[in-house]
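Listed next as structure tokens is one chain, alone, in the form predicted on its own.
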Amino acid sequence: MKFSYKLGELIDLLVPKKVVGHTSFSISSIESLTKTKRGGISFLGNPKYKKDVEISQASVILLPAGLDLTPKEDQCFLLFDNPSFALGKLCRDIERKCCPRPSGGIHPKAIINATASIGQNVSIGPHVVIETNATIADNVVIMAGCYIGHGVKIGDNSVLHPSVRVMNFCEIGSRVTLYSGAVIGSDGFGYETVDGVHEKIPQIGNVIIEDDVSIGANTTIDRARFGHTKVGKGTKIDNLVQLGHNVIIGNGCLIVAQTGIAGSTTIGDYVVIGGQVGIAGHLNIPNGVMIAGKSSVPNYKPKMGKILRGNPATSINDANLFYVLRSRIPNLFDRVLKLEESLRELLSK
């Protein structure tokens, strides 16, 4: 993406707590501290890279407030409580300018059933299919190749990126973002084995996505067997996540890529789940729990605490102790072998 900001424009946009130094360069690139050249901007997000600030050639560097460093000639430091978030504001502005929101209008190659309700200033791209009795609120963007099933409801200002599928009777809240390939309301995985045959159990519930949720590319959320699968307000879900039927996700959760949550599990508010975590079905994970990446969670007990790690997952302290002790197992075997040899010598005498 091509962009250019003068220093004054950056200050007006980001509103730093303090400005140290000045640069005559316009900002036209973003890189890490060690890779940025003149005309570039970077930030210090981790204190361990503080030394990189001193050698960085960036024209503008976003720093934590209170950090006492002196810029080079023709270099400017902008200080913030959260430099990473400040850089995010800049990136959001760049995205807005370089990839503007599509203007309202329906592409002639979209297929929209006559019973569907379409709000004001809605943008619908080519090859979109909208089925019977679907309701699309104001200012919604539906990009190319999306499928909107029968009776679906989509709230205002939501954005569906290309090739999203929202299946029958699912409900999408306001300001929701669904990224490419996401499938909302795919059939739940339910079978009963009768006389050696796996008989399909119809999944007749739906999925409810509440307001301000973001769902990543190729994530799939199964419809409920009956009732609802639900994702709470403000939750952010990464790419390639799988939620089983009747899973309930609370408000403000963060769920990282390749996580799988089995059916009928309830996740509380503000739970953080690392990448490649597997959670068994019919569990109740309380508010505020954090689960480290690659953990498996077959059960949850209050004594496990709020930070879990391992396979199977346990409290972070127990898990860390296990990993330390595991590294000593080879030495332990050597010691046991030597003890056995000494014992045999003693017994022979």
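Each residue number is its position in the shown sequence, starting from 1. Worth saying up front: this structure is predicted, and the values here are computed from it rather than measured. Rigid core (definition): largest C-alpha set, two forms, superposition within 1.5 Å.
Just so you know, the form predicted together with another copy of the chain exists too; it's not on screen, but the next bit is about it.
- This chain is drawn without another copy of the chain; in the model of the complex, the residue among 162, 268, 71, 119 with a heavy atom within 4.5 Å of it is 162.
- With the partner omitted from this view, the residue of 136, 124, 277, 176 that lies near another copy of the chain in the model of the complex is 277 [heavy atom within 4.5 Å].
- Looking at residue 140, you'd find every heavy atom of it more than 4.5 angstroms from another copy of the chain in the model of the complex.
- Proximity of residue 321 to another copy of the chain in the model of the complex: non-hydrogen atoms within 4.5 Å are present.
- In the model of the complex, another copy of the chain stays beyond 4.5 Å of every heavy atom belonging to residue 172.
- Contact annotation: residue 203 falls within 4.5 Å of another copy of the chain in the model of the complex, judged by heavy atom distances.
- Residues 332, 333, 335, 336, 337, 339, 340, 342, 343, 346, 347 are the ones in 332-349 with at least one heavy atom within 4.5 Å of another copy of the chain in the model of the complex, listed in sequence order.
- Positional change of residue 325 between this form and the one not shown stays under 2 Å at the C-alpha, relative to the superposed core.
- Core-superposed comparison between this form and the one not shown: the CA of residue 49 exceeds or equals a 2 Å shift.
- When the rigid core is held fixed, the Cα atom of residue 308 travels less than 2 angstroms between this form and the one not shown.
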